[in-house]
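In the structure tokens that follow, the same protein chain appears in two forms, which are kept apart as structure 1 and structure 2.
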Structure 1
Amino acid sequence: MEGSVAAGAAEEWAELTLSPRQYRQRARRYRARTSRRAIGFLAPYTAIWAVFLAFPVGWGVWLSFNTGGILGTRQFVGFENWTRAWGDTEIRTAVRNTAVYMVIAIAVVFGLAIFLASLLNKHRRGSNFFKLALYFPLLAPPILGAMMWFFMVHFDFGVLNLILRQFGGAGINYLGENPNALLTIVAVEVWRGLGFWVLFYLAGIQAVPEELLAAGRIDGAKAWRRFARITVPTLRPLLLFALVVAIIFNAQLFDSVQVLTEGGPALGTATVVWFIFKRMFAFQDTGLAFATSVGLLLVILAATLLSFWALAKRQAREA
């Protein structure tokens, strides 16, 4: 029993050597030293962030309450730009188009990407080629990609209509009619984004534990059922994050609209960023352009926060 002590024994060596005040002081100094070092490392990025992000965004917010400011003299007008933006019928069309576009494009690209990713995961042979091929569109400059599509969907000599006519079809007016034009834009953007999302989901699918799928197999689930009931639900946390990223990307649709349709026909492909671009440069309506930009930023921010909130809530529930 000798040498055996229970806890809490008040031995002399266990007496504190620092008074609470000394302890607090030295702890504070230590923390300060540590955070000084952290600040030192963060400073360059913070500076870049301030100069290239915080300041411009702040300036943009300020300009949304003014007229002019880029060219021409700036004049404070309060909420005038905001009320104008709110009442603008063209913005409403643009918001509607952007929303419709996002819903279709994200649903299609996610569905295709998850499906292709599970195929690639299953059939490893040659998958590197397909990964590269799928990813390729992302490497091409956006304008170039859109131009390539211009020659794909051209009514007269476009590849798609040539094929249709080979089979006796009449040829589709891809860009000159609604809703064809918006759907064509969806196709272009799905084509462009697919590779990224396939790789994204492939990484996710590869993280699905093999035992789960093995258990599913033994429990008698066929391939499709295993995919739908095991793989996809396991991807769900990933899905929410992906949704945020996709919303951020797609809410800013512009390049292909500018190259293929310039918002037409009859504003059928007018998107929010296209509207901002038009107001900013063709009309030099700086205030309205910035008010709309800031509005878009706020909407995207809200969507992001909402998604993260949902994610956190789900995680809390699962924990």
Structure 2
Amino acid sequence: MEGSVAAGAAEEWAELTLSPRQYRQRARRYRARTSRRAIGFLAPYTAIWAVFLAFPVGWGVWLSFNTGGILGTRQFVGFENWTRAWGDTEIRTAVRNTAVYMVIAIAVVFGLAIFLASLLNKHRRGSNFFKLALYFPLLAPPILGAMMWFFMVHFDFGVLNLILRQFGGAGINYLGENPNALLTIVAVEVWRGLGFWVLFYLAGIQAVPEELLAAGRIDGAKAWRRFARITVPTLRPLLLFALVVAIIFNAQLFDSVQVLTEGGPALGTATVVWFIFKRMFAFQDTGLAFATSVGLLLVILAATLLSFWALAKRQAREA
């Protein structure tokens, strides 16, 4: 009886077994079906990406080797635009201003964000109000935020100078003198972005394993030491990603500069994107504008790839 049952089971199993050729055919059909499903889901996004990103970027790269091409006749000039961009003193000033702005703004906003995120994580009662208050400036359009600051820091009728004069002060020229103008731009952007980074780091701090913090408390480590030796090392991958995002966004600073200073005084607040805007729309120098745009894209792309390479190398070393 048992022998017949075993024989029947073996026969049924033999019927379910595929030959190598049948297995390959079934595997190909499965992969094709899975690929068609994936392509169907990705096709709408790919079409939008190609029309609104890939094609404009490729067109911009091509125009960086030409003069004209927007409203006038396009003429191929090779690397002439790139040579002009490399030797242009205004571009060098804009690059230096952008670099200085990025270093100061990122350092200040990251330091404040980590500090405030730690406070919100420690004192959670009523924290929702402070989260909303910090994040609210980011909800306003950048132009509106810059206009608000314009009426705060204007030398003649700005709120801050009116208050200073009420107490006998002479007033501060926030927008007409260097380095006040650049530091004012930094203050505007830190004010706008602080809420986002506070919530960003708060999520990271709350993800730190409680077991590690408890072990530190048992060992007698003070709060600041637990933060420096446990929280910060745990947040390092997050910090690197945040640095990449901050570089990408801050390298494209334009709105506040255009509204508050228009690049002045004496190009003291001119940024790379502001320079591109002026060359494109004020001087119609499309070749130089596109060459500078592509150069900025390459710099941001290189910084992003370098950061991701460092992150991957660190993860591989820790694995």
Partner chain sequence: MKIFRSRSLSVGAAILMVFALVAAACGGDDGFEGVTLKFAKAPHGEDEADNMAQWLASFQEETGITVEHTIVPWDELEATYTANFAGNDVYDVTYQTSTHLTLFGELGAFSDVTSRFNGDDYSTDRSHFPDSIVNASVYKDNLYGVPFIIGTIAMYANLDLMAEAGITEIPATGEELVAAAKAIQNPPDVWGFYTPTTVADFGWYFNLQNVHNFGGDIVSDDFESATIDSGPVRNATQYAVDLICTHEVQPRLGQYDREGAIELFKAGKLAFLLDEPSRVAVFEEEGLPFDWDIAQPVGNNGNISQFSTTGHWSIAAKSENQDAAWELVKFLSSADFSQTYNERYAFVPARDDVDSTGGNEKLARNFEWAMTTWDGLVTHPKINGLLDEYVKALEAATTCDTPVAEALAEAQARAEDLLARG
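Counting starts at 1 and follows the sequence of structure 1. Rigid core (definition): largest C-alpha set, two forms, superposition within 1.5 Å. This is a predicted model, so every value here is computed, not measured.
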Can you spot the form predicted on its own among structures 1 and 2?
-> 2
Can we say the CA of Thr93 moves by at least 2 Å between structure 1 and structure 2 when the core is superposed?
-> no
Residue shift check between structure 1 and structure 2, rigid core fit, Asn161 Cα at least 2 Å | yes
How much does the lesser of the two rigid parts rotate between structure 1 and structure 2, stated in °?
-> 8
Quote the shift of the Cα of Arg26 between structure 1 and structure 2 to one decimal place in Å, the two forms being superposed on the rigid core.
-> 4.3
